[in-house]
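One chain comes next, on its own, written as structure tokens: the form predicted on its own.
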Amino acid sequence: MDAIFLQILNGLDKGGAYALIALGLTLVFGTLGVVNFAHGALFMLGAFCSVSFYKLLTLSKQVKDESITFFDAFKEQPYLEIWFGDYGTTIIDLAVPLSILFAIPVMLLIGLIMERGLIRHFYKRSHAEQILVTFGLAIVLQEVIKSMFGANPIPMPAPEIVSGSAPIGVLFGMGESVVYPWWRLIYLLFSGIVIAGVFAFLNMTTYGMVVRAGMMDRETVGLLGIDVERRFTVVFGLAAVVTGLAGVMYAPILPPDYHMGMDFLVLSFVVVVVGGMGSLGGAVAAGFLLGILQSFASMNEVKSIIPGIDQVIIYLVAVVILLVRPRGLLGRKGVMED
């Protein structure tokens, strides 16, 4: 039971990342009808927002090392520690959560530039052309990141206060031996908050309700005198922010590198298709479901019976679901059923 409980938590944690990326993908497809293969690159850019912010906070200069008295020795000390002492150290330690404040405007700007500068010219093109141009954009973005930060993964430290593991077994009566990393629990909570925020925006605000109406019938909303295109541009920016924040908070879990966007992109598209193209609830549900299935498939007991099942389980489930229900779990009728 302990192992099963931990695998469920692993699946929810991984599913949170899938759900956030898939949610952004679905927002773009549902509003603009664009298959955006550059969406995984936005996840990568979010992770490198945290890397850039950390490097900014740790800008340093050489100062004399007072601990060595026999000769003059120097060490690198961040300016924040020089200026603010222990407070500066605390700010640096909280670099990842604080980088959210940095990532939101950056990702929003990137999303708006992508939509206005490139995506809007392919609204009425075929999905094949959309895939080609956005996939090319993704390759360009990852090569830019590779040239700026190098090809090797860059470890990002979680805040020291949550660097250990939480004794979750005590809370559920399973004993003190059942522990789980604090940061993964925080990521799961963060995913839930962001998902709830997006749904609240779409369902409880006038702006969001107009966007949902536009997703269902763009022409009718336009005839009412509402500038649907401008709202959809904002939604594209929102999708970029959601995906970027997923990357920011995932950086301590998976050290960022230039191809991490591609790794998550394919899985996220499978999540979107399984959940149902254009279905926001389906994207979230499928993200967590497939995350849990992948987590259980990665258990040694399972892999000893079916070697390599952890690598293909998501695709096998996708094939089965689409054979039985071509529109996906919660997809709208007629979508992908032609």
Partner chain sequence: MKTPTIKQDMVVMLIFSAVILTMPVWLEPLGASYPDLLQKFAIFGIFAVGYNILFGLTGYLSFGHAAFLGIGSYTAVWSFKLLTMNILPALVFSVLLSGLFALLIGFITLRRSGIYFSILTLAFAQMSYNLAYSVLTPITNGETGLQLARDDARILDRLFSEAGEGLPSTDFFGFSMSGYSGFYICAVLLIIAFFISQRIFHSPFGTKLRAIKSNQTRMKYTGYNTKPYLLTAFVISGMYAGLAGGLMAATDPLAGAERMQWTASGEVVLMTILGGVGTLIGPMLGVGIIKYFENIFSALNEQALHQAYAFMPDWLATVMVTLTSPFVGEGWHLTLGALFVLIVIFLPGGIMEGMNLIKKRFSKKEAEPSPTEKATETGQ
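Positions refer to the first chain, counted from 1. Here the structure is a predicted model, which is why all the values come from computation and not from measurement.
As for the form predicted together with its partner chain, it is not shown, yet the points below apply to it.
Taking non-hydrogen atoms only, K75 never approaches its partner chain to within 4.5 angstroms in the predicted bound form. Residue contact check for D93: none of its heavy atoms lie within 4.5 Å of its partner chain in the predicted bound form. For F269, a non-hydrogen atom is located within 4.5 Å of its partner chain in the predicted bound form, even though that partner is not displayed.
Taking the partner from elsewhere, F190 is found to have every heavy atom lying beyond 4.5 Å of its partner chain in the predicted bound form. Contact with its partner chain in the predicted bound form, judged by any heavy atom within 4.5 Å, is made by just one of M209, V162, I104, L118: L118. Put simply, of I253, L108, L98, L137 only one has a heavy atom within 4.5 Å of its partner chain in the predicted bound form, and it is L137.
With its partner chain left out of view, the stretch that reaches within 4.5 Å of it through heavy atoms in the predicted bound form is, among 182-190, 200-208, 81-89, 138-146, 138-146. Candidate site formed by I131, L316 and V319: every one of these residues places a non-hydrogen atom within 4.5 angstroms of its partner chain in the predicted bound form.
Contacts between stretch 274-303 and its partner chain, counted in the predicted bound form as any heavy atom lying within 4.5 Å, involve M277 alone.
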